[in-house]
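Provided below as structure tokens are two forms of one protein chain, presented individually as structure 1 and structure 2.
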Structure 1
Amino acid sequence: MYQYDQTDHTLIKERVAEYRDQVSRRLEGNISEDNFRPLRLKNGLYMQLHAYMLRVAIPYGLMSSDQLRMLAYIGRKYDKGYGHFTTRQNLQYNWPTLEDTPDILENLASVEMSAIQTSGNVNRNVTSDPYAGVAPDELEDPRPYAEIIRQFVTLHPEFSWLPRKFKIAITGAEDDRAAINVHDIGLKLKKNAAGEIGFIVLVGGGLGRSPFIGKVIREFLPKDDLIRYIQAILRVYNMEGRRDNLYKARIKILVHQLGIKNFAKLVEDEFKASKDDILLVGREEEERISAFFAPPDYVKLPIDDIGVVEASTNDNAFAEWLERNVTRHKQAGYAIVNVSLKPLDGVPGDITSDQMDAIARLAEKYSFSQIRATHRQNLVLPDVAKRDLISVWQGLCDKNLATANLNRISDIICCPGMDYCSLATTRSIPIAQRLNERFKHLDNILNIGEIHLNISGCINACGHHHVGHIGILGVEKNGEEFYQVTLGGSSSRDAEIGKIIGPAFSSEEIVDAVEKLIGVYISNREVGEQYLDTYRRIGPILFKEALYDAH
């Protein structure tokens, strides 16, 4: 993975010093909360319902065992012994004090991490495919470009006061595990007719109040033009994006209001006008960065491991985990292990410091000291030799990290909701827990299969309900919590915004409603069909009837 050199270290140290000064001015009363707010936000520090919340960036989801250990240490020392993984490859601490945050940043800096730009109206953490570099369906590893973009947008002098937040995601694979369609800029590596590799560029995707699927602004962008093109988009957005209304300030609204053609013209004009800018990172720097992402020293192994095959015939629990949580690796004899942060009785994405330490140790022993965070709030051990799968599984079982539910109904994306968040208007975590309780046995009995169930506690859509196969949105009416259901969403390659199916359900009704939807799928599915396939084939009518006819 990328390692800091002198320049990176200097920059991050200077940033910690700057932030330390900002905090001390606030504590001494030399800066107003109004002026301090955007400054602390640019450093990932929110004021939540009960306390401050600090969001730490995990650039494109990649971290080392040492880094994860540091996250565990911070959780113990400055929080209540745990952290929470978000949908954008960040980790959140829910209980730090303002006074401690400069020290937390210093600790992070010592392992080449930061909270720079994890919030506020700036470029956020650049996210990517958690299987980058190990996925069999990948054209090219996107991480060198993710790192080049990370550096370009970090403390950018021109783009640190944008109209609104700005999120870039990049993938090199066919199957989209980075949700590039719902980002401000989505990038996918592709090959053009001449056989050159570049990017297809999407712009203006996003969730929140007004969800949009990103629109293609460039069918093919040569690699050398990447940074200059991103600069052009950001510059047009910085000058033209709306600043009069917080809810209309995202680039998706600008793209929507101008139309993609007009917006593209502004960008292409700016791109042409900037042709003399020295924004080419250069071949040597590209090679320097790419070298950090070279494949690890794999050993030659048989495609299948006899021990694993035997164990899976003797042990149902292992077999189930193997089938659901272990994914194909591009290297023969290796596997991608998904670590579930969705135990049935837990909070989706939560992880204790002890669990972090355990995963760090397993990664060190069995996965070249690397861990990835995923868009769906789980972790990944990317490079596990198949002969080590039993040991890894046992290690994960010991820490309640082996729930065999990747992409199953209990693998819920869920925002913190009103239990933590000051924006939320309803609770989301208890709904997730009640759904898990309901489907604990039903999932196995009915073999529900792959399904994405996403829950947001308010219209800001942090739980990505718009792109859940089943999406649940909490809405507050006269002090009571209601839950609206959207169907047919997807954040994958075939991305779609789900449609609201009808009137919202009360907190008591919502779990029954989901069970009815699953019932429609079970009684209508054809052989080999997953939930979304059936929904797309038969449409919403039967689902709607099941939900509302009995009312």
Structure 2
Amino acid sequence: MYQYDQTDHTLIKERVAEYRDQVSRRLEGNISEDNFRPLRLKNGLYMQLHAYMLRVAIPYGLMSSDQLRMLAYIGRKYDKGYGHFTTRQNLQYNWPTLEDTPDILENLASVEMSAIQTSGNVNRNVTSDPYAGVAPDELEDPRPYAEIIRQFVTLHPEFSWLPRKFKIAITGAEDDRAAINVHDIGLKLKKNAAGEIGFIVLVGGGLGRSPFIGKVIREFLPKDDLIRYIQAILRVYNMEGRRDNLYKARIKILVHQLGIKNFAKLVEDEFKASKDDILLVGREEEERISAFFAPPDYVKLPIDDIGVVEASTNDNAFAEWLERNVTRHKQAGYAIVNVSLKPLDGVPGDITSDQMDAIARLAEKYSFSQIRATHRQNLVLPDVAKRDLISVWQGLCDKNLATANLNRISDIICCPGMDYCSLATTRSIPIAQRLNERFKHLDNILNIGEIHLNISGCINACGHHHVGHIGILGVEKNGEEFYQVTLGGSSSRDAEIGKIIGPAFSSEEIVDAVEKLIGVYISNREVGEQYLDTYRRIGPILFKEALYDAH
């Protein structure tokens, strides 16, 4: 993984010292809250309903064991013993005090982490495929390019205050596990007819109040032009994006209003005009950055491990976990282990400090000391030898981290909602917990098959409800909480915005409504058909009838 150089260390150290002085002046009353607000937001500190929230950046979701241990330590010392992983591969602390936040940032800096650009109208955390570098369907590891982009956009003076926040995602795989279609810029590595590897570039994706799937602006971009082309997009957005209306300021609105052809022409003109800029990535820099992401020292192992095969035959719980949460690795004898942060009795994405320490130990012993965060609010141990799967499973079981529900109905994406967030209009967490209670029997979950259920507590869509196979959006009506249902969404390569199925349901009705939707699927599915396949084949009418005929 990327390691800070002296410039990085100096920058972070000076940033922490500057922020410590700002906090001191705020606590002494020498800075008003209005003047302090932009200063704290630049360091990832929000004010939520009950306390401050600090958002920590995890670039492209990659962490070392030492970094995860530090996150555990901070949660234990400065919070309530836990953290919350988000859909942007970040971690949030919900209860830090203002006076402790400089110490938290200093602790983060000691393990080469920060909260820079996790807030504000800037380029946010660059995200990527959590299986990057180990996925069998990958053309090339996207992490070096994610790091190059991160370095370019971090504290870039020209883009330090964009019309609105800006998000970039990149993947090198055929299966889109980075949700590039719903980002301001989405990048996918591809090979052209000449055998050269470059990028498909999408622009204008995003969720929230006005959801859009990104549109292709370049079918093939040479690697050397990556930064200069991103700069061209950002410059056009910076110049043309609206600043008079918060709800129409995102680049997706600009692309929609101009049309992709007109927007593309502006970008191409800017790109050509910047041809003399020294922004070529170049082979030397690409190789320097790529060296930080070299494969670990794999040992030669048999394709399958006899002990694992025997254990899965004799232990149903292990067999279910192996089938659901363990994924194929490109290296023979190794596997990708998905760590579920969705226990049936828990809060989606939450993880205790003790659990973080346990995962750090497992990663150190069994996965070359690396951990990944996913945009579905889970974690990944990317490089586990198959011979060690039993030990890893047992270690996860000890900490309630081995729920065999990856991509099942209880693997819910869920924002914090009105339990924490000052923007939310409804609660999300209690709905997720009640759904888990309804579908808590693992046999039922496995019988339902693959399904993405996403919940947002407001129109800002932090829970990605628009691209859930079943999406739930909380809406407030006359002081009461209601929940609108969308169907047919997807954030994968077949990305689609879900359609609103009808009027919203009350808090008491929403869990029954989801059960009815599952009933329609089970009654109409064909052999081997997953929920989304069935929905797309039969359409929304039967689902709508089940929800509203007796409503």
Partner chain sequence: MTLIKNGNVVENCWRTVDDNDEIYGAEAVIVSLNRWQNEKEALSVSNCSLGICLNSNQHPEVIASDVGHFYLIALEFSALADGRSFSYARLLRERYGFKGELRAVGEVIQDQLFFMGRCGFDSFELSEGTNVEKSIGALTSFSVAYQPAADNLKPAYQLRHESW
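For the two forms, the rigid core is made up of the largest set of C-alpha atoms that agree within 1.5 Å on superposition. Owing to the predicted nature of the structure, the values given are computational and were not obtained by experimental measurement. Structure 1's sequence is the ruler for residue numbers, which start at 1.
- Where the criterion is the form predicted on its own, structure 2 meets it and its counterpart does not.
- On the core-superposed pair, the CA position of Ser24 changes by 2.9 Å between the two structures.
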